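Next up is one chain by itself, shown in structure tokens, the form predicted on its own.
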């Protein structure tokens, strides 16, 4: 019998155990079905394009479906954190779902990469790092465009949830100082198929422009209703609508719609010296190669940018603790809070203890639906 065999096997097991111990595990909850499916599918698709390592260590993603249901998202978060012992969590695709996950991440001291905005006060976001542009940053661009084009009154219609609230509060923050009066506050549910009553009220107020606080395909519903009933003035949206599905559902009714979004939707139209252009272009090329021409969207880019933040932070955290431990989660949180100059598809991220988004005006452009496609508004 070969006396070296047990020693060899022992070393192999030892090395394998060491490799597993150094693996970073990321839990993900997303809604690729349900009312947020037109966003969630793209968020999820991006994980097929992720690198196999983060910060130089092997990375494993555990992806669970939450059906765009806040209760299911919370249940997934509990499972990923308590049973799967993930080092960090990512998700979800709507503000209500993401907020539920964020509350659990904060409670359990688990670093979280939020893939949609979070409706929590700053003191409840110690462990939360948000990838999408803050709603005020995006809506300020919308108000600037309205003011430049002489808009004095604006009608609002948005989701009857925290996303609708966030868009409206940001619109108020900038519209009122700009001398623009908000004359309606109409709401509808994500699953609604008609907004006739709300549209009639908006038409009765006859605003100079309308802002829609919806997202995904649900964001097209008010514009369809307004156009069908003869509204011919400008309709604005938000960064939750900038995908192809919005245009497919809205058809000719959404021609001319304006929305703020990140650079990755129109990288070819950006100036050559824009720092986001090469990153956004590379990602869009990879995404459309995998999922088809014209599938570009902002939501897959949020997933990718979230990974880039983790990639930048893991290397530093791994110097202080081993993955799979509370010490590593704390180190990862601390590292995320101090990442600098991470160039993503949407913006350049510079986190600080008081800013867990870290984006500036480079993270926004205005786009318009032109002949069935989103084009840069110049």
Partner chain sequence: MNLSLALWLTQDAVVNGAVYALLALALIVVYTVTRVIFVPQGEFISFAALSLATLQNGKVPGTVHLLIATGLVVAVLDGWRMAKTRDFSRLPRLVLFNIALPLAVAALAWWSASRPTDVWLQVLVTLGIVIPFGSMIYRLAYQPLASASILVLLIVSVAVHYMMVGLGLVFFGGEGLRASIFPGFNFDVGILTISLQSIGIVLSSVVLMVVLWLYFGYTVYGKALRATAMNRIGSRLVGISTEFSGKLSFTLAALIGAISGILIAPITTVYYDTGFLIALKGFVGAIIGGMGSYPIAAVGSLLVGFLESYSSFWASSFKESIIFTLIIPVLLWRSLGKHRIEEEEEE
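In this text, the rigid core denotes the largest set of C-alpha atoms whose superposition between the two forms falls within 1.5 Å. Residue numbers count along the first chain shown, from 1. Keep in mind that this is a model prediction, so the values were computed, not measured.
Missing here is the form predicted together with its partner chain; even so, the following discussion is about that form.
Trainee: With the partner left out of view, is residue 197 within 4.5 angstroms of its partner chain in the predicted bound form by any non-hydrogen atom?
Mentor: Residue 197: contacts its partner chain in the predicted bound form.
Trainee: Could you confirm whether residue 192 comes within 4.5 Å of its partner chain in the predicted bound form, counting heavy atoms only?
Mentor: Yes - in the predicted bound form, heavy atoms of residue 192 and its partner chain come within 4.5 Å of each other.
Trainee: Is residue 70 a contact residue for its partner chain in the predicted bound form, using a 4.5 Å heavy atom cut-off?
Mentor: Residue-level check for residue 70: no, no contact with its partner chain.
Trainee: Should residue 147 be counted as a contact of its partner chain in the predicted bound form, where contact means heavy atoms within 4.5 Å?
Mentor: Because no heavy atom of residue 147 falls inside 4.5 Å of its partner chain in the predicted bound form, the answer is no.
Trainee: So in the predicted bound form, are 41, 187 and 245 all sitting within 4.5 Å of its partner chain, heavy atoms only?
Mentor: Every residue of the candidate spot has a heavy atom within 4.5 Å of its partner chain in the predicted bound form.
Trainee: Residues in which of 246-254, 97-105, 172-180, 114-122 have heavy atoms within 4.5 Å of its partner chain in the predicted bound form?
Mentor: Going through the listed ranges, the match is 246-254.
Trainee: By the heavy atom within 4.5 Å rule, which residue out of 32, 318, 59, 351 makes contact with its partner chain in the predicted bound form?
Mentor: Contact check passes for 32.
Trainee: Among 284, 221, 168, 135, which has any heavy atom within 4.5 Å of its partner chain in the predicted bound form?
Mentor: The residue in contact is 221.
Trainee: Does superposing the core leave residue 202 with a CA shift of 2 Å or more between this form and the one not shown?
Mentor: The answer is yes, as the C-alpha of residue 202 shifts between this form and the one not shown by 2 Å or more after core alignment.
Trainee: Could you tell me whether the Cα atom of residue 302 shifts by at least 2 Å between this form and the one not shown after core superposition?
Mentor: No, residue 302 moves less than 2 Å.
Trainee: Classify residue 224 as shifted (yes) or not shifted (no) between this form and the one not shown, where shifted means its C-alpha moves by 2 Å or more with the rigid core superposed.
Mentor: Yes: residue 224 shifts by at least 2 Å between this form and the one not shown.
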